[in-house]
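Only one chain is included here, represented as structure tokens and corresponding to the form predicted on its own.
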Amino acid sequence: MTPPPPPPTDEVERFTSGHNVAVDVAAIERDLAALWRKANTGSVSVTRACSWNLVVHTSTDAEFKQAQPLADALVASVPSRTVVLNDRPNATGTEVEAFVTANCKMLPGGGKLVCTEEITIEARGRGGEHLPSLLRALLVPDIPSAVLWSDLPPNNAMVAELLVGVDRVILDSTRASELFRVERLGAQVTSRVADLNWLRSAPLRLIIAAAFDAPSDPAMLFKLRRVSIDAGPDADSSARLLIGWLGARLGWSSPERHTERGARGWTMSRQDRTLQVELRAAERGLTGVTFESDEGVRVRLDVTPSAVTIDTQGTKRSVPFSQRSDADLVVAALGSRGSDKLYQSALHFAVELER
């Protein structure tokens, strides 16, 4: 394998080619503006684009390594000023360091670079205490702001300060052991909460809904006696959100724990009908959903990374299915789907399952 070329030695070339340039923490905007001025003195015109302030909070090596490719992937769809806050409270060394770079794309025909900018703040030890004030100074005024966590943000004073004035909080509840924490966060902030876990399941929800379109009988959904979802430990919250979606859309009553199934089974009702809902153990992921009506009709969906097979009373058909990239999900979270009112209803129902 050919090794990658060494980074340019010229500071401006390094900046516009996506390499980090160290700047003075006390004068980030000044140094950044100077780099843009120098970049515009060359033969290629450089245009800065920015429609969002996107703050990415990281606290592990894995999260930090994902932040740069994510910012690169967002350039074409959602140009933004990306501020990566790499907070390491247990690390030693310089408390706060700052770096800047530009993510640039050449317009068709050449001659002009469209660039977004990325600012990285490295905080170690007590340096994290300075992040809220630094961030407030770095947000571009008069455009919306979003904060992205790859997991759930902790409940502490620093996080509360970071979320002041933010228009959207983006998180991923996939690894959340308790969804009530997500609902509680939504109640604590004035911004919209967008959940990548919810957005990731959108194609599967569409396939489930379409499974009951003609020639199937959609009325079966209101005659259910049992719903079973096969999910591994890594998909537990995804499965509960799926139950929440079904419950919210089909008008199920508040769930009650099924005595035999404990935390994995519930009894619900709709009008005069009672149904059982259960989570069944799978090795990994969400692998299947089964619907059974009180008339004996059975619809089974087997989920793989590439397709969903729908089996209705022995008649099978396959629907292509693929996972969307994290960048696509973040783009959706910054758009209208990031303020989905149905998500709030599904989340509330899913939280009821935990009680």
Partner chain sequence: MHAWATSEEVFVADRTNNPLRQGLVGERLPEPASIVIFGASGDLTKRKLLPALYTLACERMLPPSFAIVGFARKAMTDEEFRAEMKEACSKFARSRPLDPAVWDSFASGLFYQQGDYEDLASYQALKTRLATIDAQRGISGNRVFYLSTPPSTFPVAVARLGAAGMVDPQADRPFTRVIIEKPFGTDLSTAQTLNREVLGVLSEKSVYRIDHYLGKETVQNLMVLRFANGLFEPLWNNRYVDHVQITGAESIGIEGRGGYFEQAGILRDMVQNHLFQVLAITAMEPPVSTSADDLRDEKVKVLKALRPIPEGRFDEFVVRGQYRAGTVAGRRQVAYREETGVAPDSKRESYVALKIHIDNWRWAGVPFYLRSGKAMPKKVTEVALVFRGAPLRLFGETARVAPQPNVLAIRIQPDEGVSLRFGAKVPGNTMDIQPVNMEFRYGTSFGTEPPEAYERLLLDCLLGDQALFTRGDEVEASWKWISRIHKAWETERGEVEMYDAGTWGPDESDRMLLRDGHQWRRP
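Numbering follows the first chain given and starts at 1. From a predicted model like this one, the values you see are computed outputs, not experimental measurements.
Not pictured, yet referred to below: the form predicted together with its partner chain.
Q: At 4.5 angstroms, heavy atoms only, are Phe64, Ala176 and Arg181 all close to its partner chain in the predicted bound form?
A: Checking in the predicted bound form: none of Phe64, Ala176 and Arg181 is within 4.5 Å of its partner chain.
Q: Taking its partner chain as it sits in the predicted bound form, is Met106 near enough to touch it, meaning that at least one heavy atom pair lies within 4.5 angstroms?
A: Met106 lies outside the contact set for its partner chain.
Q: Is there a non-hydrogen atom of Asn40 within 4.5 angstroms of a non-hydrogen atom of its partner chain in the predicted bound form?
A: Asn40: no contact with its partner chain in the predicted bound form.
Q: Although its partner chain is absent from this view, report whether Asp340 comes within 4.5 Å of it in the predicted bound form, heavy atoms only.
A: Output for Asp340 is yes: heavy atoms within 4.5 Å of its partner chain.
Q: Would Gly186 show up as a contact with its partner chain in the predicted bound form if we use heavy atoms at 4.5 Å?
A: Flag for Gly186 set to no.
Q: Looking at Val319, Leu70, Ile28, Val46, which is the one with a non-hydrogen atom within 4.5 Å of its partner chain in the predicted bound form?
A: The residue in contact is Val319.
Q: Going by heavy atom distances of 4.5 angstroms or less, which of Pro79, Gly244, Gly127, Pro255 would be at the interface with its partner chain in the predicted bound form?
A: Of the candidates Pro79, Gly244, Gly127, Pro255, Pro79 is the one lying within 4.5 Å of its partner chain in the predicted bound form.
Q: Report the stretch among 149-157, 208-216, 279-287, 95-103 that approaches its partner chain in the predicted bound form to within 4.5 Å, counting heavy atoms only.
A: One stretch meets the cut-off, namely 208-216.
Q: Can you list, in sequence order, the residues from 217-237 that come within 4.5 Å of its partner chain in the predicted bound form, counting heavy atoms only?
A: In sequence order, Pro218, Leu221, Phe222 come within 4.5 Å of the partner.
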